[in-house]
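A single chain, nothing else alongside it, follows as structure tokens in the form predicted on its own.
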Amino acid sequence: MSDLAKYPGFKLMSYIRLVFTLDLFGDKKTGMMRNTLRRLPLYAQIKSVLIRRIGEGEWQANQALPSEWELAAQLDVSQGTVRKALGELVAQGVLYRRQGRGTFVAEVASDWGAGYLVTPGFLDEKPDMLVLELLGCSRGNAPEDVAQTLGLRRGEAVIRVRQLWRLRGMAVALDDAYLPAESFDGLDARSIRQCGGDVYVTLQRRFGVRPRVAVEQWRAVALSREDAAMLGVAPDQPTLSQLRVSTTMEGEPLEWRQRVCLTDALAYTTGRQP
């Protein structure tokens, strides 16, 4: 995460309030922090404030934001600054516009992502809903590949979340997600279950962070004995593996996730659902 995101309470404070706090109480990094904040363009500061407010639930999915004029008055900036901040958030998929109606909050990406499972060859088949089961949430040391991808030190603390996905009662996929522990103090199984077991929804509601999928990689792998037992299949069964890296809206590495998915009788499909 960026230096700003690591600063205690940053997601709960506006730019002005944070600078005021540093001036009032002091900090060994006060000068560096103040200079870092002041280097941010004003529209980028407004963009961060809007992301935080959306993350904290001030505006729900598909709810309209106040007009550009109203936001400019609230934030004491020009309408042009607000327009530029909104434009970037639209481009990043956080917001969307309806001609003549305004700017709205986009749906939060789910942990499953944009894919769905259907019968192979049936591209117009209506997919059944996947049921998510949270298996656990624990702290540990980052594996080397996870640390490298997330920009962490080798062995730095991470939070590991394991999830099982079921389709019509049958286990079909298993996820292992890793997040930097320092950035999400207090994230645990209880808080995730309160958000339906979905990590991305939890990060937005509790931490004001809206994840964005940055890259995905697919390949065939053989299941480990542990994963095979969780999915109820024979060990070493060939399986589709999806490796995903998600970032914050500002592009900072946020999550490393691997999903193993049983596709012997199902096809993992992407695109517009029928």
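Everything numeric in this text was worked out from a predicted model, so none of it was measured. Start at 1 with the first residue shown and count on from there.
Heads up, the form predicted in complex with a further copy of the same chain isn't pictured, but that's what we're talking about next.
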*Answer yes if any heavy atom of E216 is within 4.5 Å of a heavy atom of a further copy of the same chain in the predicted bound form; otherwise answer no.*
yes
*Look up in the predicted bound form whether G87 has a non-hydrogen atom within 4.5 angstroms of a further copy of the same chain, and give yes or no.*
no
*asked:* Even though the partner isn't displayed, in the predicted bound form is T81 close enough to a further copy of the same chain, meaning a heavy atom within 4.5 Å?
replied: no
*Indicate whether a further copy of the same chain has at least one heavy atom within 4.5 Å of a heavy atom of S48 in the predicted bound form.*
no
*P120, A267 and G271 each touching a further copy of the same chain in the predicted bound form (heavy atom, 4.5 Å)*: yes
*Partner-facing stretch of 203-211, 54-62, 240-248, 224-232, counted where any non-hydrogen atom is within 4.5 angstroms of a further copy of the same chain in the predicted bound form*: 240-248
*Only one of S183, T149, T103, N141 comes within 4.5 Å of a further copy of the same chain in the predicted bound form by heavy atoms, so just point that one out.*
T149
